[in-house]
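Below, in structure tokens: the form predicted on its own, a single chain.
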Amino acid sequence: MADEIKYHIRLSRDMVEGATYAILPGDPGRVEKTARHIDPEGAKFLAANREYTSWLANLDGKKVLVCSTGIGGPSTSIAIEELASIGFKNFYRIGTTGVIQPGIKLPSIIITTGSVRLDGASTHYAPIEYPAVADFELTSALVEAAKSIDVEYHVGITASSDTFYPGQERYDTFSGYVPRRFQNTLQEWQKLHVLNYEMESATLLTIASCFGLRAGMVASAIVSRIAGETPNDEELKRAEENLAKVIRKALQIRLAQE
């Protein structure tokens, strides 16, 4: 039924007014800001339940949904499942990230072409040999957007971990211990030219491909793991501003192409 409200996201097909593009920040607190950047006057609140907060915006006469996923693969998979079931076909994950390659300045934009599957949720949809790759057209729009607003950007592979601490080889933890399977992995990903760590893209990209949907991934770098672990508040503000500008422009490019 068109008006069936999905259990977790608390949205129905009727509520989203024909939108087929969903912007997926992890943080519920970033949803309203993103929606209002896309549509300063007309963006409106739709629902909030658990980690899923959603707002609807209008961009060039077309509706766009902004819906948070929470942190990590399991909650992201729920969002994709339920959004797809009410008509969404295109997904852009937006977020912040820690970069691991020297020479990447803060707050550069990182555009993911594919993800190292360090998650568990994606393995419930496809075997680990199945690649987590971004849609070419959605990714191309992100690159074009970044160029057009003249922000520094990098395109490449992301390591997508289920955990913030051991999976990203952080030792500033309660125990101070990283299991052997993750020890020295940061250096390995650096050698393999992986750009950054985050926590949702492997799940999103895998599921979207499995379902025959489109997904892209873009993040703003707020910390360099080479230099430290704690983001600067000013860099964080600039990163969020750049991210909002890039995703709005990328949406305009994609909507104009349809």
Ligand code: URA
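Predicted, not measured: the structure shown is a model, and the values here were computed from it. So that there is no doubt, residue numbering starts at 1 and follows the sequence shown. For the two forms, the rigid core is made up of the largest set of C-alpha atoms that agree within 1.5 Å on superposition.
Keep in mind the form predicted together with this ligand is missing from the figure; the text below concerns it.
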Subject >> Non-hydrogen atom contact M199 with this ligand in the predicted complex at 4.5 angstroms >> reply: yes
Original post:
Should T139 be counted as a contact of this ligand in the predicted complex, where contact means heavy atoms within 4.5 Å?
Top reply: no
Subject >> Distance check, F164 to this ligand in the predicted complex, heavy atom within 4.5 Å >> reply: yes
Subject >> Touches this ligand in the predicted complex: V31 (any heavy atom, 4.5 Å) >> reply: no
Subject >> Stretch in contact in the predicted complex with this ligand, which is absent here, among 123 to 131, 73 to 81, 96 to 104, 173 to 181 (heavy atoms within 4.5 Å) >> reply: 96 to 104
Subject >> Residue (of V194, I38, L65, V223) lying close to this ligand in the predicted complex, criterion heavy atoms within 4.5 Å >> reply: V223
**OP:** Look at T230 and decide if its Cα position differs by 2 Å or more between the shown form and the other one after superposing on the rigid core.
**Re:** yes
Original post:
Considering a change of 3 Å or more, are the Cα atoms of T230 and S108 closer or farther in the predicted complex than here?
Top reply: closer
**OP:** Given a change of 3 Å or more, say if the Cα atoms of T230 and A146 sit closer or farther in the predicted complex than in this form.
**Re:** closer
